[in-house]
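For reference, the chain that follows is the form predicted on its own, supplied as structure tokens.
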């Protein structure tokens, strides 16, 4: 199983908005970066992702799960773009900020540190466990 990180501006789509969607979830649409598109297409049903507020907040605030694998993005006016559906799983007890991630030596190679602009990113098992721990969550 792979892990991911999905970035969103909280003014556009917040953790609270995601939670309100309940079990129905929400399409993760509007991604217009080729590397991020490849990451979306690699996601499998049941895999989990960090829900990251970008902009001023810059923090991991929760965990979502892929409910539907990649399919054509209906918001794309042209081009071959994809989206996945995600559902909220669990909020972080303590938001893990970008500054927290950068301060953790074990996370210095995390894509979030190396390529902060990429909106859909892979996360390693070790990174997943550490960020969850930092956020007050237990991992399996």
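All of these numbers come straight from a predicted model, not from anything done at the bench. Positions refer to the first chain, counted from 1.
Keep in mind that the form predicted in complex with the DNA is not shown, yet the notes after this line are about it.
- Comment: 52 to 60 is the region of 69 to 77, 38 to 46, 52 to 60, 86 to 94 lying near the DNA in the predicted complex, near meaning a non-hydrogen atom within 4.5 Å.
- Under a 4.5 angstroms non-hydrogen atom cutoff, the DNA in the predicted complex lacks residue 16 among its neighbouring residues.
- Residue contact with the DNA in the predicted complex: residue 107 places no heavy atom within 4.5 Å of it.
- Contact annotation: residue 98 falls within 4.5 Å of the DNA in the predicted complex, judged by heavy atom distances.
- The DNA is not shown here, and in the predicted complex it never comes within 4.5 Å of any heavy atom of residue 11.
- Counting a residue when any of its non-hydrogen atoms is within 4.5 Å of the DNA in the predicted complex, the hits in 16 to 43 run 33, 34, 35.
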